[in-house]
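In structure tokens, the next block holds one chain alone, the form predicted on its own.
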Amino acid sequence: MAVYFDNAATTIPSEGAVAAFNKGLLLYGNPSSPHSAGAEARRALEAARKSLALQVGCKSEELYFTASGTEANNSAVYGLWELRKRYGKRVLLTDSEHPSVKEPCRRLEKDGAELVYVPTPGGKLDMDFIKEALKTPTALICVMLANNETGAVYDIKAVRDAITKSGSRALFHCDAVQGFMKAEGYKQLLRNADTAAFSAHKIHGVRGIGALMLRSNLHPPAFILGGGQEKGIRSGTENLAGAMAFAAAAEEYGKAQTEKVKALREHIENRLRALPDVDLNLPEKHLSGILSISLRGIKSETALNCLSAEGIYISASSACSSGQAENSVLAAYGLDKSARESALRIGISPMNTVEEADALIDALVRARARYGRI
């Protein structure tokens, strides 16, 4: 039986999400069609939107369904840039942003953007750097809610306060893909953002569905053009089954789930602390579900292959960054080369058990005994 601890990459769909998805598949009408089958599908879509907006903490009319968190991030970056580039060419983003934010920002350089990377040593925003940078006219600032590799939770409110105090006209986008439903006080934190991105498969929904929160006072140009669905913000026939599964997964992910993850995280940490040459890369404020460690003495790839052979699955880094020669996020965090080369990411979900956690730790011990030091 597989032991799956790669939940920061993707999660197993919950029973509720699968049931909602299957129900949505039977609603075969196009939500944009005027007949009764279409109207039935539209009602189900809007019910899912309303439910999810409640979990996000925004108005239902401020939530737009997308095909992924990546699409939502791209849409926000390009859209907000178009709205504010006349006021300043500077774009601030953390040095540890996800590629779905970092790469669109890099493309903006062709349109004259000046990218400024905010340091995040130890998983903390350099707020003095942000305050100084905002003295120059700025179009956009991008700060994720929680980092996908270290689990660091960033101070979103402090960013909003800095923007307000500076008098900047910069708009603020937050990649909330990892932090949604998991970061403590996430609803209150997200109120500080102008836009935010979400993804269903990080909280036991299904792949292929995400969402963009866009404040109602903002009207950016559409990123995907076509039939004008989602009030023209995101064209394309809506993924009704995916949206229903997303809403169902969010409804299920409550306090009981977060407490279970927290307790399991504590158990894993306690066992790891008893092992030699294991560094816990712990930001001061972090998600319980993401634990970054460095298993000094074994390269990440070797450890992963050893665990995979036993049916135990974790990762060395973000699945979206696995092809990179250098882990820029861990470098930004401040890990030395040895720690980066031996880094592993444990992604914990409410579906995991103490028995699975013990199997993981025991397998790490066997890998160390078998392969020795680098």
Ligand code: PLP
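Given the structure is predicted, the values throughout are model-derived calculations rather than measurements. Residue indices: 1-based, along the sequence shown.
Omitted here: the form predicted together with this ligand. The next part is about that form.
Heavy atoms within 4.5 Å of this ligand in the predicted bound form are found in exactly one of 79 to 87, 127 to 135, 171 to 179, 250 to 258, that being 171 to 179. Residue contact with this ligand in the predicted bound form: A139 places no heavy atom within 4.5 Å of it. In the predicted bound form, this ligand stays beyond 4.5 Å of every heavy atom belonging to S300. This ligand is not drawn, but in the predicted bound form it has no heavy atom within 4.5 Å of S51.
Among residues of the shown chain, M144 is one whose heavy atoms approach this ligand to within 4.5 Å in the predicted bound form.
N148 is the sole member of S75, N281, N148, T94 with a non-hydrogen atom within 4.5 Å of this ligand in the predicted bound form. This chain lacks the partner; the member of S315, T70, Q55, N327 within 4.5 angstroms of this ligand in the predicted bound form by a non-hydrogen atom is T70. Annotation for 197 to 230: interface residues with this ligand in the predicted bound form are S199, H201, K202 [heavy atom within 4.5 Å].
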